[in-house]
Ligand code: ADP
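The chain below stands alone and is given as structure tokens, in the form predicted alone.
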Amino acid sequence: MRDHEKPAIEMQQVSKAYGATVALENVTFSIQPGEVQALLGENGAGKSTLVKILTGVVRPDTGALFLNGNRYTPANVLEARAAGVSTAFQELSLVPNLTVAENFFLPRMLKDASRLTSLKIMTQRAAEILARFGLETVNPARIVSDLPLADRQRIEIARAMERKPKVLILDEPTAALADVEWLFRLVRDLQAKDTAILYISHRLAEIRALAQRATILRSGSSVATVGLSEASDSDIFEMMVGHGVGERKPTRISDSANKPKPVLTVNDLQGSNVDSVSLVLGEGEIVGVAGLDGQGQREMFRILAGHTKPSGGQIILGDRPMRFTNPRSALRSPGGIAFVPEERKTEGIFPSLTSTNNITISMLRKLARFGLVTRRREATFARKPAEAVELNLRYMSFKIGNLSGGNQQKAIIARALLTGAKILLLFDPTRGVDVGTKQTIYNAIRKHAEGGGSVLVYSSELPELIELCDRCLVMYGSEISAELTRDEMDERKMVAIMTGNIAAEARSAETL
């Protein structure tokens, strides 16, 4: 961080309310050129509203914004970009049915000599941009929706950085990235060029690796801006939640001598990016899946959930072989399989419907009487699963698209619980949520297993799997390379297997 007189971006006494709900109240902070500053707070603390104000999506009710000492009043995202403020959003802003190249140049498509939009020129230019960001393996002609989530996240980040902003906002940029070093190198390069960076993340280790200071929001107010070298994790958590964070609940203890009754057996499963996968999930078990992006875990979950048809292999529930034609058939199978997908914005929620509607939407036939579902009956059925994930009941009548990412995720998990499915398939269920919401989700998962349910969960965060799971399956090269017991799970070993260095890991273990 350099010592400049004028901050690159400054917010003074900014407030924003939506009706009776106060999203921000008298928030003040500033970022210097060349500084990486973190923005911390629980889900619902006001971070998303703050980003929307800085990027021109919404206007503040009161207060003022300054960019390099001048008043800054963007009316929309395009005005913010033109002024030098660029954002890589957590809920990706890419248009899914367009190509990578088209997304890079929206809204002003490149034209040829005849002044017609030229996909060829845009594809060539996009390939050059991707190469500059170390993304040569991404095909600029591919439709965005066909790409893995991690590649979409990288494209979102590269697109924001390509604009050479004065101020860059990164909103949960590593939520879908197993390898963060690519991003860290880019951030440090921009920092050296005097770009001011607002870095929003729930991962304190990342923040400490990159940022110099952190501004903490709580209930819409800016509690403090602290130097990270002077504040402990406990200090930060206390500022975020208003009280000290208690000790974590003890990890589950599984009885390895008594193997649980199998409820899901997979034999030699084959499919796109899935090669001869076999696994067993027992009653009452929480089994983790670890792997770097693109190792087949996403495709495996989608096959088991009925979203994708396998090309071979067998799925057995209890002792009955099953063949799913769609997610509904998986849900209606004996015991039932419910799936929580990785990307809540495009796959998990119906943003224009209320939280209650989103929780009950899979069960409307069961709720209906004479073909009708009353609001009272719907609210009654949604209440118990909402309470199980600690979703504040005052949010039940809100449009879910207006809620924080953490509260949206709670509603999606509540929907899975309401189905009564015995088997839950959870793909990165705590991606981009705060530490308090994570513990709430962990508790809901544990309670489901303690009640006789079973959970197969993928996470991009290895400490999460170690804390939560009875066993862990590690994927590499489209197959399960190892199965680790609770005693065998540690991050070093898991990373070695995930990166294909199993032999090196074995040699290392022999020398300990």
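The structure presented is a predicted model; accordingly, all values stated were derived computationally and were not measured. For every residue, the number given is its place in the sequence shown, counted from 1.
The same protein also has a form predicted together with the named molecule, omitted here; what follows describes it.
Comment: 400-408 is the region of 361-369, 400-408, 145-153, 74-82 lying near the named molecule in the predicted bound form, near meaning a non-hydrogen atom within 4.5 Å. Among 44, 33, 56, 453, the residue placing a heavy atom within 4.5 Å of the named molecule in the predicted bound form is 44.
Taking a 4.5 Å heavy atom cutoff to the named molecule in the predicted bound form, the contact residue among 15, 21, 12, 499 is 21. In the predicted bound form, none of the heavy atoms of residue 460 sits within 4.5 Å of a heavy atom of the named molecule. Residue contact check for residue 478: none of its heavy atoms lie within 4.5 Å of the named molecule in the predicted bound form.
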